[in-house]
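Shown below, as structure tokens, is a lone chain in the form predicted on its own; questions about how it binds or moves come after it.
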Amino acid sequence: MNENQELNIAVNPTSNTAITTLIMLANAHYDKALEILEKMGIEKEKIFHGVDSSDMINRPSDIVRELRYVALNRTIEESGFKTLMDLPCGYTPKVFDFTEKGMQYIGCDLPAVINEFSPIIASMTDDEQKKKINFRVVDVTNYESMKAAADMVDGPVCIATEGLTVYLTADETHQLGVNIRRILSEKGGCWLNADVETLEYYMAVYRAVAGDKAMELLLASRKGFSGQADTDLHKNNSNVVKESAGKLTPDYKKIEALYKSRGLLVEKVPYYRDDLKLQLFDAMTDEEIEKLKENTKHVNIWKITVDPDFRESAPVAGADAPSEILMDPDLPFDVQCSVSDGLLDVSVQGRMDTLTAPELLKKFQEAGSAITGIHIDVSKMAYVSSAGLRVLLIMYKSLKDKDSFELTGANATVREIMETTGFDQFFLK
């Protein structure tokens, strides 16, 4: 693994979860998934656990991934659009599923994934297939990176997201919705979001195979998966919740209203079909299959389109005007560092997100291990995503004396992001 790849993974370790999904599809006997794993140099014996009908740890998770994969693929095909913008593409074999049907494919993901996956797919496709395939590094909070991906082909696009928004903060989820609306307004098409009802499709599977122990096993599985994904670094407020029978559950009416307020309309496409078929049905009893089909009748993929009647709200009278930095989309990212008597002095300009945060991490590592204090001036930082916050946390945790870490100049936008994600306890004093 080269230095840049190590930096990209450190900045956003959620890229590791893409491998988990690939492994689970290999366990569901998707030959292309297994071939990709082999191309990645992962020995089959180390990762391919097969499917044991008595395995109540791995089997439900494998079924969950295949169910989502099959349902989303079917909905993509039914959308009728000729271009798929797969966000995030991960390492899944979806690229083959749709190019073989004649569709154009744009795979979008973090640098760590794209840098590894793109050459693997190039080695598995012929010249004719390659004409239908594009890959692009994308940060979902960065409109320019998303637009550059969508503009790789002409015409409307079907943007599909699975396993993405559950890892985003509330602000990042908002930015994603705004960016997708802008793209769909310009190009046409739809957004298929399989993430909104994540809890529902998980419970549909776990209740079918585990009965009364469904929640217990699901929580155990989620704990292990979250540990791998490194999602405990921030408070994920992206789901609107309500209390029902003493439990917090997603409030889908409020979520739909949020989409509406951002100029997006929701149509719910059911997972269920009479002819629903999974390859992992071979590892399920007839009773489990029937229960799964029954449980999926109320689970949906959200098909989201632009509201043609939507108009941006007028600014509120007396509200603070946005700073010049936030109004300048061309402000370049820049990091300046100097070290004196053990103090690392840093100035950050522009957006710090998945695409730019590795630069700060690299310069911090180059400063050496003798750093005893850190001062970071963010007065010219327009925006910070969870990837940027993760780098700041790495720097903070490197100090023995945490009081020797100082961050100054946070504007209202950056301050609000830190407060809503819980990072204010480290950085804002």
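These figures come from a predicted structure and were not determined experimentally. All residue numbers are counted from 1 along the displayed sequence.
Another form, the form predicted in complex with a small molecule, is not on view; read the next lines as being about it.
Site annotation in the predicted bound form: the residue of 163, 156, 350, 250 reaching within 4.5 Å of the small molecule with a heavy atom is 163. The single contact residue among 149, 208, 110, 264, judged by any heavy atom lying within 4.5 Å of the small molecule in the predicted bound form, is 110. Between 125 to 133, 281 to 289, 337 to 345, 110 to 118, the stretch whose residues reach within 4.5 angstroms of the small molecule in the predicted bound form through a non-hydrogen atom is 110 to 118. In the predicted bound form, none of the heavy atoms of residue 420 sits within 4.5 Å of a heavy atom of the small molecule. Although the partner is absent here, residue 106 lies well away from the small molecule in the predicted bound form, with no heavy atom inside 4.5 Å. Among heavy atoms of residue 197, none comes within 4.5 Å of the small molecule in the predicted bound form.
Contact annotation for residue 167: at least one heavy atom lies within 4.5 Å of the small molecule in the predicted bound form. Contact annotation for the candidate site: 12, 68 and 92 all lie close to the small molecule in the predicted bound form (heavy atom within 4.5 Å).
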